[in-house]
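Take a look at this single chain, the form predicted on its own, given in structure tokens.
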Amino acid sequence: MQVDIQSLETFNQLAYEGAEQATAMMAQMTGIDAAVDVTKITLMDRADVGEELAGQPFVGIQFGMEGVLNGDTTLVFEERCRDPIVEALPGGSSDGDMAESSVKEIGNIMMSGFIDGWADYLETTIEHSPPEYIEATGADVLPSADGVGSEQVFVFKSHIDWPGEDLNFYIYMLPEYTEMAEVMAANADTQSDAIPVDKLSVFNQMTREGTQKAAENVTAMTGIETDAEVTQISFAPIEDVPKQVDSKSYVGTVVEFDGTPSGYLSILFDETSAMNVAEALMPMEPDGEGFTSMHESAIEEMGNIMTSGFVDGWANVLQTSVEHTPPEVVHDMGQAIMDPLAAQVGQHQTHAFIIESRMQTDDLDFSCEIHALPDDAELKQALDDLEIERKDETEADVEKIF
């Protein structure tokens, strides 16, 4: 099965319009003028879905879908959103069962419009179950992934912002993988820029292994036991690419890589992690207060080693050469770092694949994000050339790296 870039753009726009319709219905019922911030399609391990919700309490409304698409759709509210929303309803109350009933009423109306938009586009009927009210922390507010593990799924996720209130909502649509791939393939122009869906999934797994190699390089250099946590491929409009990164301040490196594929790669540490990992590399105490030139040199070295491990894994599997520029050290707000990279890629495409990985350790306060923006056409060529039986061959050349 194959899916083309145009059909991915169409389905991403369809999800965006569905989220806009849902927020418009909420505004009509409550007067709350929320706005859709980001909508993207992500291919990831089912067990990792909702990792961005970790540690926060949520309430949710969940629906089962049946028809050309089977699966689940969930509307997720930050728990602190619930009372302001239900109290904005005529006669609404935040007390007990009344609050739960009000959330179900709002969710049912919002999500019926969302699902109906998909049915109208696909010229079919998609039935959905009655809304189920859920209260949980983190990803537990989403349909259970127990026993699913590394099974790959397409996730359609919209982030909805309540301006001026610092409150957020999310819509997650999790269709059954094979059926979603078939729907995408049925709408693809296989004579143009079609991408083999099975190879996209393999490439995602290959990226996870490349991330694990980068994590092993961190461990080898610093003694900090580091593990790859999340790997995913997202597809979103160019203007939404910087929004994939938190607005907080990061320290890291940026490189341009060239080959099949080419593009840009950033390795970003939050400021505390950057200090910790840099000082783990230093042979002596830093020569000043705060983030010094010694810290910067250590981060540059670490970024180079991690980039090599990550990119060499691709090159080995793709049987090609992927070179990269010397790393440029960056220290800025996350979105400010990603803006110029998105602008470069956006010179010749309107949407982008964003390859994202995260790693962390239990030994100290440390987390790291890897964001790659490949050229669409060259990613397609890489997938065309990918031999699936080579998917496990991501071992990088240690002598080359060190």
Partner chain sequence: MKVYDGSSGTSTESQQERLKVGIAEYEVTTSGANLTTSGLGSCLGIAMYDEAAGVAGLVHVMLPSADEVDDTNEAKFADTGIELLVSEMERAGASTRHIEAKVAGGSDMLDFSQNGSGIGVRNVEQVEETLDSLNIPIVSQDVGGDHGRSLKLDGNSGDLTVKSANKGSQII
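Note that the structure is a prediction, hence the values are computed from the model and not measured. Positions refer to the first chain, counted from 1.
Note that the form predicted together with its partner chain isn't included here; everything after this is about it.
Among Ile61, Met44, Ala342, Leu69, the residue placing a heavy atom within 4.5 Å of its partner chain in the predicted bound form is Ala342.
With the partner left out here, its partner chain still marks one of 331 to 339, 49 to 57, 352 to 360, 24 to 32 in the predicted bound form; by a 4.5 Å heavy atom cut-off that stretch is 331 to 339. Heavy atoms of Lys243 reach within 4.5 Å of its partner chain in the predicted bound form, making it an interface residue. Put simply, Ile238 is close to its partner chain in the predicted bound form: some heavy atom of it is within 4.5 Å. Of the heavy atoms in Asp161, some are within 4.5 Å of its partner chain in the predicted bound form.
Although the partner is absent here, Val254 sits close enough that one of its heavy atoms falls within 4.5 Å of its partner chain in the predicted bound form.
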